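In structure tokens, one chain follows: the form predicted alone.
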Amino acid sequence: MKVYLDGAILNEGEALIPAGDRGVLFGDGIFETVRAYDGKPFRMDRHLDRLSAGCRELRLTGVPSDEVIAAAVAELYRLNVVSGDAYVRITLTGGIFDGNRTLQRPGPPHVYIVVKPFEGYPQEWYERGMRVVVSGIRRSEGSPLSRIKSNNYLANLMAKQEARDRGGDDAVLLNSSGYLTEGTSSNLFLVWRGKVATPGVECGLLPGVTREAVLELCEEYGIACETGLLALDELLQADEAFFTVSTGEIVPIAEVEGTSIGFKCPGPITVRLADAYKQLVKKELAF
């Protein structure tokens, strides 16, 4: 497989990050994952906007232009994916560590891009819904890291492992005040009496590109929708619930902590939004 590293297309085994990189030593850096449909990344501009915002927050400079990144993604798709959908990951690391334990860095970040055939989630998750647990790990709504797709992803991995250890497919995380935030790599939505709700950014979550699209679709289709503080009991008593994630689109939730969500999974609003999302992708990518 071919990958992109710092301006060059290389064989995967030739793409080496120095042991003294700040990403290796401190998890310094950010990333984006994008789904490409038949070679066309969906809302790449939104992902790159979020990447740029993260760079400003972390004071990462010297990042390639959006045009350079898009061209690298297109070339890797041509080299690695014969046809169909692709998984795209764009990773920036903090670059070489010079002993300065601040956000001041001696040089530009390393830029690593992977494009490979899309594998996707298990089909049964879409048919029966995901089994979800509530993680004991809490999000800090006051931390700037809650708004950044940081390379330091250990809390998410630990929550995901907790879910697997307890027989679940994924986990929902609460914040330090006990309100709902998000999944381990997704945003959370619930439906109650035909109205859609999702935790607000103030709860301490990363506002996803797919989350944004679903909010737009709710407005377009006249589905009442609100963001704000949501309690765990509201999720447990919901008629429907689902995750949104760029790679997996809209994934229904069947149960939380062993409690079934609603009477049918996936529910009618979830199905309607999932279909609308697929149509949005076709429309924007001109399929």
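Throughout, we count residues from 1 along the sequence that is shown. The structure presented is a predicted model; accordingly, all values stated were derived computationally and were not measured.
One more form of this protein, predicted together with another copy of the chain, exists but is not displayed; see below.
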Notebook entry, point to check: Is it the case that Thr210, Ala224 and Thr259 all touch another copy of the chain in the predicted bound form, with a non-hydrogen atom of each within 4.5 angstroms?
Noted result: no
Notebook entry, point to check: Just one of Arg78, Arg89, Lys195, Arg128 has a heavy atom within 4.5 angstroms of another copy of the chain in the predicted bound form, so which one?
Noted result: Arg89
Next item on the list: Could you spot which one of Gly136, Gly84, Gly107, Gly167 gets a heavy atom to within 4.5 Å of another copy of the chain in the predicted bound form?
Entry: Gly136
Check: Hey, in the predicted bound form, is Cys218 touching another copy of the chain, heavy atoms inside 4.5 Å?
Finding: no
Next item on the list: Considering only heavy atoms, tell me if Thr93 and another copy of the chain come within 4.5 Å of each other in the predicted bound form.
Entry: yes
Note to self: in the predicted bound form, does Phe26 come within 4.5 Å of another copy of the chain, counting heavy atoms only?
What the structure shows: yes
Check: Does another copy of the chain get within 4.5 angstroms of any non-hydrogen atom of Leu280 in the predicted bound form?
Finding: no
Notebook entry, point to check: Among 44-52, 235-243, 63-71, 29-37, which stretch has residues whose heavy atoms lie within 4.5 Å of another copy of the chain in the predicted bound form?
Noted result: 29-37
Checklist line | Stretch 52-74 - residues with a heavy atom within 4.5 Å of another copy of the chain in the predicted bound form | finding: Glu57, Leu58, Arg59
